[in-house]
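This document starts with one chain, in the form predicted alone, laid out as structure tokens.
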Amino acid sequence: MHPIRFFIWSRNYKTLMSNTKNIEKSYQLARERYAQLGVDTDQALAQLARISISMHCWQGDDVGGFENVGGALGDGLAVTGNYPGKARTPEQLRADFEKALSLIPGSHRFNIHACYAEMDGRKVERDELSADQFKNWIAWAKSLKIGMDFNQTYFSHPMVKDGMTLTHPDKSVRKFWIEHGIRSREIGAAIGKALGKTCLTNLWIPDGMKDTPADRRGPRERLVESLDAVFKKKIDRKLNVDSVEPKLFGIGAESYTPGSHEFYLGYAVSRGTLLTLDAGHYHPTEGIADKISSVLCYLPEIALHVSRGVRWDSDHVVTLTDELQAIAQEIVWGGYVGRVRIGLDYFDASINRVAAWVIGTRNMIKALLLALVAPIAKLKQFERDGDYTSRLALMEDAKVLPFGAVWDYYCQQKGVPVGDAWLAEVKRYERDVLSKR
């Protein structure tokens, strides 16, 4: 090796080793501090490594999909911003996701919508889709050894009539979308079989009314009938599990949503499907954390779409808010880790899309780790003893425990950048790849 190159390599190596030792030293000090409160951080990190986050494909291309390249969004959906570098082909989207995945600790999943079908030069309608249009996605996921989840796509299509799909009065419209739902479940089962990891297939519709309806009953009764037709065929739950997702309102459906929380909660409990709770689908001041233990009293399993609502918009990049921490605490402290499928759901085109993936997912993992290293055993004991003063005091003191050292150590363990070092890698990727699109 050339002497100058050797000198640079040697200097970088020494810096790396010094940083590594500092991170390990900081972790050992943090480990001892947490141990004083009865928390085993090694055990917490081992448990965290087993939690998989379902990362959503639509952050990478603004919910564009590939069935109709260049088609506009609609039917209750809108994306703001025009940051350069958007993925415009399946290959680009897969590459962007791989880059994001390389900067996030742990083993995670890929969540895809039906509109991301690859047509191979021919038009395949949504009521005719099969696993063949997703064979490249499946092969890619298999090569990465990750699982996949699936979503039926009931928006941005000419067969969304008068803002309605499964609730439309016209039987032919409902029939089209029922068949799409049936095909989507079959695709989910094919994904689960091919990857050897159960696929979650989620159903959400944009149906609703802009102004006050005269008939609230009719659309809901038609929705029950349509859903029963979609879910009629029994599918091995080892391959595919079904979930239904409620919403308070959408763009153009501000006054009435047939698929409300109460509607889908009743449907999920009575039919044995999962219920998806989306953090952005409720009133702006309403959180979903308290709903988790409530719903799990009646359902064996639920799914989450974690996003960040800001006023009327439901899908900002996830940040480490009190609400996010409350969601993670409910999952961990309630002992629901094996009963909650955690997915993300936001789309921001105003910033680097790969960075948005990384920021949101790392924050979800941080929130889970914060919950895992909390002195919950002591907190629950104080509560059982009726010592609410000590409970509150410890809850507050726990907020300044050396969590950052544990997080840095976890990232180092998993071979991903520590701290904000990941951003430099995203900037390089933007310069070398995204800027040339």
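Remember, it's a predicted structure, so these values are computed and weren't measured experimentally. One-based numbering along the sequence shown.
Keep in mind that the form predicted in complex with a small molecule is not shown, yet the notes after this line are about it.
The contact with the small molecule in the model of the complex, taken as any heavy atom within 4.5 Å, belongs to W204 out of Y264, W204, W177, F134.
Taking D242, D149, D278, D96 one by one, only a single residue has any non-hydrogen atom within 4.5 Å of the small molecule in the model of the complex, and it is D278.
Proximity to the small molecule in the model of the complex holds for all of W58, H305 and D313, with the criterion being a heavy atom within 4.5 Å.
Only one of 341-349, 214-222, 255-263, 320-328 places residue heavy atoms within 4.5 angstroms of the small molecule in the model of the complex, namely 341-349.
Looking at H108, you'd find every heavy atom of it more than 4.5 angstroms from the small molecule in the model of the complex. Shown alone here, R183 lies farther than 4.5 Å from the small molecule in the model of the complex, counting heavy atoms only. Using a 4.5 angstroms limit between non-hydrogen atoms, F231 is distant from the small molecule in the model of the complex. Put simply, V63 is close to the small molecule in the model of the complex: some heavy atom of it is within 4.5 Å.
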